[in-house]
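Only one chain is given next, in structure tokens, and it is the form predicted on its own.
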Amino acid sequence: MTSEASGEATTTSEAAARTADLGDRGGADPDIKRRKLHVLEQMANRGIFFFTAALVLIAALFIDGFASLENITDVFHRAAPIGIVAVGMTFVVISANYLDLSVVAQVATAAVVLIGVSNNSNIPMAIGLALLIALAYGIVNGVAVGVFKANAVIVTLSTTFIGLGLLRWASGGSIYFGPSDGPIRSFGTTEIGPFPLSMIVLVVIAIGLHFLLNRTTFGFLLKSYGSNRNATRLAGVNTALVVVGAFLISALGSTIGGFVLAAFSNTAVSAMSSGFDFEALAAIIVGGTSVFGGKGSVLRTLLGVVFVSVLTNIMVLSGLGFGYQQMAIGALIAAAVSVDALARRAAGK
């Protein structure tokens, strides 16, 4: 009996040791998973800081003409309108409604109204009319998506076609030119050091929207809705108003972006904002805002704008054509979305 008991004890001890060993091995898996998740999250959330700094440094060292004051000022001039559009559209993306394709029509409409209607004398009236049109865009998009639960991409694609059609009908496809010595042109060309006035407007708007997103009840509800729509709805939140608010902010950003674009070029035509939707989306996603909603940063979108603008400028200075620029933007969007999707998958979301 003693021998049998001893044998059983030994067997039990060996089994326990094997179980403990397996437990130790299995315990490493969650640690590895957590480390991988941490790396992916850092890439999605912080990578834009390092990538932008590295891109600017490489361009300054190896690209002829990049570091010149004239070129840097030009980069800021071209970044300002798309940046204002992007920081506004960030709210739509955070709400998990992917993007607002109607920004193309809204930017062009604001530019044509400012140049064409004001005739450089009725500027307040032109600005007021453009803001009313922006209000209409925001309400139509927001109600269709927030109240009727329509697909945001389809809705905003429809309003883009309708808006551009109406704009071309009203303008007859004409190109409008502003006076070279008027206040609109003066705004578009005013610079403070290397910084255009339009870039300063972008930074001020970005700081204001950053505060709105991170320090107000609306911003909290927007992120909550983007993370979990059902839970936010069950909590008694009027989610339709949250969505309408996001589209109104996007419309306001697009309209101001149209004003800045018109002031910089001193011209306006219905086709002038082609590609603004995906350039803005590239800046937003590269900046770390998730296309799946719930998380994002206006200030990181601002860095994303700088990154995309510098990359485009590098390709222009290197003699690469528009086709290469389109491919680069497409690759940026694909890479950023992939990193975001991997981070969500690792987190089990």
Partner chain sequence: MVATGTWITQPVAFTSYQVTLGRIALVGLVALGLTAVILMGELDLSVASTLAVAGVVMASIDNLALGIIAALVVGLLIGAANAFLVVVVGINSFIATLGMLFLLRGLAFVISDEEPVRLSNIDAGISFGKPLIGEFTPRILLFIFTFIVMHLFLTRVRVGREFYAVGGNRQAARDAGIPVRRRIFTGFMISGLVAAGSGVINALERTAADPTAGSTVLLSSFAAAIVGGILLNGGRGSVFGTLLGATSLGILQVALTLSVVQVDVQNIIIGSVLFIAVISDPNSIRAVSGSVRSFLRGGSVLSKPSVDPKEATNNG
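Residue numbers count along the first chain shown, from 1. The shown structure was predicted, so the numbers you read here are calculated from the model rather than taken from an experiment.
There is also a form predicted in complex with the partner chain; it is not shown, and the following applies to it.
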{"item": "In the model of the complex, segment of 260 to 268, 183 to 191, 73 to 81, 139 to 147 with a heavy atom within 4.5 Å of the partner chain", "value": "139 to 147"}
{"item": "Non-hydrogen atom contact Ala283 with the partner chain in the model of the complex at 4.5 angstroms", "value": "no"}
{"item": "Proximity of Val153 to the partner chain in the model of the complex, heavy atoms at 4.5 Å", "value": "yes"}
{"item": "Contact of Ile175 with the partner chain in the model of the complex (heavy atom, 4.5 Å)", "value": "no"}
{"item": "Contact label in the model of the complex: Gly245 to the partner chain, heavy atom within 4.5 Å", "value": "yes"}
{"item": "Full three-residue contact with the partner chain in the model of the complex, heavy atom 4.5 Å, for Leu157, Val291 and Gly330", "value": "yes"}
{"item": "Answer option from Val203, Leu221, Leu197, Ile133, heavy atom within 4.5 Å of the partner chain in the model of the complex", "value": "Leu221"}
{"item": "Listed residue that, although the partner chain is not shown, lies within 4.5 Å of it in the model of the complex (heavy atoms), from Leu212, Met272, Leu129, Ile123", "value": "Leu212"}
{"item": "Partner contacts in the model of the complex for 320 to 340 (non-hydrogen atom within 4.5 angstroms of the partner chain)", "value": "Gly321, Phe322, Gly323, Tyr324, Gln326, Met327, Ile329, Gly330, Ala331, Ile333, Ala334, Val337, Ser338"}
